[in-house]
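We've got the same protein chain twice here, in two forms, each standing alone as structure tokens: structure 1 and structure 2.
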Structure 1
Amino acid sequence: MHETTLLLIEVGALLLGMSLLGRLALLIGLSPIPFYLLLGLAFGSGGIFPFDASIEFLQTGSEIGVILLLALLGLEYTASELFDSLKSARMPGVVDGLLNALPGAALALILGWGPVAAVALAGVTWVSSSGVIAKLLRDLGRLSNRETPAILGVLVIEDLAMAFYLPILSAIVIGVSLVQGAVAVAVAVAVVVVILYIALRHGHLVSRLFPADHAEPLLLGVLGLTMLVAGLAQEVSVSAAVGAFLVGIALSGRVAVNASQVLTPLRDLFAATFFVFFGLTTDSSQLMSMILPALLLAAVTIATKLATGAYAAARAGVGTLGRWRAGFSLAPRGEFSIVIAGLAVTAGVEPALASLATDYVLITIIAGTFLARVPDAAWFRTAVRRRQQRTRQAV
């Protein structure tokens, strides 16, 4: 069979399967993310019928999906709101790094993998998945919730911190000189500063580039600028997600509103592709090799993310339920964790790190998807109210 024909068949079958699973998720009131992951695992390496012809196509689509998720999330907020959330999230960002990086580093040392693997696994457990969380917030209708700016503040600080972390990790695992590592970090930081400055100070000028009332040129222009900035950011070891998010922040007024409308269908398509692709590229036959350490690590770091989110929301003046929502929403790890593990394993660091990171990411995504809904459950709300009443009576 011709490769192009096989590509069309595979992509068509996946899209149809995703549609059916998405409908099932709606019927039972769950996020479709775990279903997309399981679909990818079923047809990935080690699955029942591996899809090979469409891997490169789906990889590109998945990268576009993360970019669009963060770009449209940025369109929901103004530059001043971003600036305020970053200021308020400084301390939660520090707490986040300490609480969530240390368990990963400690486990690597306990397993005897050495200090380089410890630095890599610390990054795997530290950074939440902006793509997964952005979709969760949208699926659960929480973009306008009071705790959402606190969640975004933590995510943006994490993604910005990657501008420092990834060049440093690359220097450690590859063994480049201190000067080369310092230059890479300096370039990455300079790019972040430039993008931030343009987004915060001259966003109104960026908006004027696009015709707000004409869908086609608006779609092409905003999509082109978003991908261009995301690509340039990634080229210098800055998160493409950060670049896309800041492009969304820079746009304002009718341009932002209309751009969100025309880009939403594309986001929905490619964002779903991201989760399926993650499953497709995971060798399901290797998942059991590190499942117990991954379960332990996930349990510890879901708890530490809960503490991080609750602390960030509390500093923003959010109530008890909002703190729980913020903490559980930060549980999923994703794209960065896989990139970090892949970078380390490719450079010859402990091979088992890849299996551990894959198990860990899958567990936190699936668990986080379910846990994010818990604070909205009637039984949970009742339990929180009863606890608050007992606390008042005790005082």
Structure 2
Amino acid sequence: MHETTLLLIEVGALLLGMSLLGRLALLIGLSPIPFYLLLGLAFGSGGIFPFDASIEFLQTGSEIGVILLLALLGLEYTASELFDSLKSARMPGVVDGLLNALPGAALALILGWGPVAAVALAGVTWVSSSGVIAKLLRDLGRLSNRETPAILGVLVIEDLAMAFYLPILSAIVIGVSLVQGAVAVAVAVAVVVVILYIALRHGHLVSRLFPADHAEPLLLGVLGLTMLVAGLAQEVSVSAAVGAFLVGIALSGRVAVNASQVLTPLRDLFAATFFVFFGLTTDSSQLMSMILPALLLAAVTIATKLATGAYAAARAGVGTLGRWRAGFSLAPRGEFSIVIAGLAVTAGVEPALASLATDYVLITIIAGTFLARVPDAAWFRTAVRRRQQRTRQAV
């Protein structure tokens, strides 16, 4: 068969399979991300039916997927929301970073993967999945709840922190000398600050470049600018994902709303490709050997996220049940953890990190989806109430 023909067949079959799995995920109320990862694993190296012809195509697709994932995330936030959250959720953000990044870093060191892998795994365990959590809150009808702004505040801070973390990680994984590394990080941070400043002060000027009401030029224009800035950011080792995120933040008003509408289908396609491709390139034979460390890591970091969420909600004056809800809601890790693991492994850091991250994301998404429902259960509410009464009597 001709190369292109084979490519069509492989990609077509893959997309069909993804669609079926996506429906299955909907049916049982889970995020489709774990299913895409598993599908990729099944067809990847060491899997049941390795793909050959389409691997380059999927690789390009997955890179566009990361860029779109981050650009759309940036579009969801306005610059002023970011700065308001920076003011109101700064402390929970710091607590979140310390409690959740350290277990990841510690495990990488215990496994003897070295300091670079420790920085990467710290990122994997640190960042909750805004995508999975926002959908979970919607599905459980909790958008109106009083703890929800506290949860969203933590997520915003994490996403914003990524704008600084990813460039630092990119610089470290290249494995440059200390001085070169420091320079690269300084350049990266400076670029991020400059783009953030432009986004906040002159975002309306950037938005004016695009026609809000004409779908086609809007799509091409925003996609073009995003890929251009992502490429330039990569060139100065700031990481393409961060460049795309900042473009998303810089756009505001109707341009942002309409751009996110026209880009969402593209994001869905390419982000799914990204997760499948990550699975494809992960060695599935290592998945089983990593399952124990992943379970341990998940147990510890679900507990630390519980503490983070409870602290953030308590600061917002939310009661006991709401604190449990906030804590459990933050458990799922997702797109960012995979992006970070992908970045590290592509640069040649310990390949088992990809397997560990896959196991870890699978476990936290599945466990998190169920744990989030626990505070609504009757037995849980009764238990909480009884404990409150007991403490009240003790006082």
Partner chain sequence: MHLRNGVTITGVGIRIEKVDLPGIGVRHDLVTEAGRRISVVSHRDGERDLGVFDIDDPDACRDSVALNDDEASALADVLSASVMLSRLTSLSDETAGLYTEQIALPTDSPFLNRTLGDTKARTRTHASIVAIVRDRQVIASPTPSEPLRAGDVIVAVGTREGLDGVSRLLANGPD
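Since we're looking at a predicted model, the values are computed, not measured. For the two forms, the rigid core is made up of the largest set of C-alpha atoms that agree within 1.5 Å on superposition. By convention here, residues take numbers in order along the sequence of structure 1, the first being 1.
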Quiz prompt | Number of the structure representing the form predicted on its own | solution = 1
Quiz item: Once the two forms are fit on the core, has residue 103 moved its CA by at least 2 Å between the two structures?
Solution: no
Self-check item: Is_shifted residue 383 between the two structures (CA, 2 Å cut-off, rigid core)
Solution: no
Self-check item: Shift of residue 65 between the two structures at or above 2 Å (CA, core fit)
Solution: yes
Practice problem: Would you mind giving the Cα movement of residue 192 between the two structures in Å, after fitting on the rigid core? | Solution: 7.2
Quiz prompt | Value in Å for the CA shift of residue 11 between the two structures, taken after the core is superposed | solution = 9.9
